[in-house]
Ligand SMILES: Nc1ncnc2c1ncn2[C@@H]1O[C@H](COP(=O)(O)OP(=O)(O)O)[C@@H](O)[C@H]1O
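The chain below stands alone and is given as structure tokens, in the form predicted on its own.
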Amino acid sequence: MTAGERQQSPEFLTTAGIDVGSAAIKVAIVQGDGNGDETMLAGVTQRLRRRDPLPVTEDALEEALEKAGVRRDELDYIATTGEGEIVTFRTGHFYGMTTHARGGLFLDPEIRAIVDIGALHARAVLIDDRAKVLGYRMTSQCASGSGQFLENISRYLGVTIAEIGPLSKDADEPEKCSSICAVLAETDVINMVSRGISIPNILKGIHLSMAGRYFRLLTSTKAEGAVMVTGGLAMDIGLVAALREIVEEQGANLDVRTHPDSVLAGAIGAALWGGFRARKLKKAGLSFSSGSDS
């Protein structure tokens, strides 16, 4: 089937996925026929920076549409995930575990688990080869395993988020953070600075502490084989390296992976599930309506 024939097929749809997080908005534009011939046309991430999420979502969607060369009225479905139920123009909403699972599998068909690390929480999700969720574990309400905690530490240390990963990889004697409580962990960091511990060694210690929590989540789900890190911290090379280090030390049968678009996994998955839902509705002769689909 040629590109023109695919686009004329009723199965060939263009969908948008919007992942509304606590710290950033992610948007993905996807085209495909629902039978494995899907392509991400564009992906956009915009940090909220304490702004109203609704106008930021509008801006991010328009930016993604411009990059994709798609008009808004050409979208067959707008799917949201995360905190996307606040988006009034959505067609439907999908749960975060299912969207990250589907998006992660789209980026790497070999994975059988994901670790989604967001601004406020982290979770390990066990999946099958069709992105069906088989089990999951989440961090507790304590924020010490989250992106927000790491951002607070970076401010105290006077480094940017982009600098955290490379600095962590420069560590020679990491000082492991002893507490799993975010407040007490920040006290630990203050004490480390007063003792003259270098910033790379502080950051690597924090990364090891966080990675230890993610490793325990993975093992509790009985994950094996390829695992993808998704969410806002997927591009923190120091954190990913720390997780791989712990996996190697423990001799676990886990292959920790990332992808250049890992941060967009939730948005990609939302767009793909949106396409799936749109095809079902079209076949049934039903109109689209807002609501939670899965």
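None of the values given here were measured: they were computed from a predicted structure. The first residue of the sequence shown is number 1, and the count goes up from there.
The form predicted together with the ligand is left out here; the points below concern that form.
Name the stretch: of 86-94, 119-127, 190-198, 167-175, exactly one has residues whose heavy atoms fall within 4.5 Å of the ligand in the model of the complex. Every other range fails; the passing one is 119-127.
Gly32, Ile78 and Gly274 - do all three of these have some heavy atom no more than 4.5 Å from the ligand in the model of the complex? Zero of three within 4.5 Å in the model of the complex.
Going by a heavy atom distance of 4.5 Å, is Gln148 a contact of the ligand in the model of the complex? Close contact exists here: in the model of the complex, Gln148 approaches the ligand to within 4.5 Å, heavy atoms only.
At 4.5 Å between heavy atoms, is Leu243 in contact with the ligand in the model of the complex? So Leu243 does not count as contacting the ligand.
Please check if Leu254 has a heavy atom lying within 4.5 Å of any heavy atom of the ligand in the model of the complex. Close contact is absent here: in the model of the complex, Leu254 is far from the ligand, nothing within 4.5 Å, heavy atoms only.
Can you work out whether Met235 and the ligand are in contact in the model of the complex, taking contact to mean some heavy atom pair no more than 4.5 Å apart? Taking the distances in the model of the complex, the answer for Met235 is yes, it comes within 4.5 Å of the ligand.
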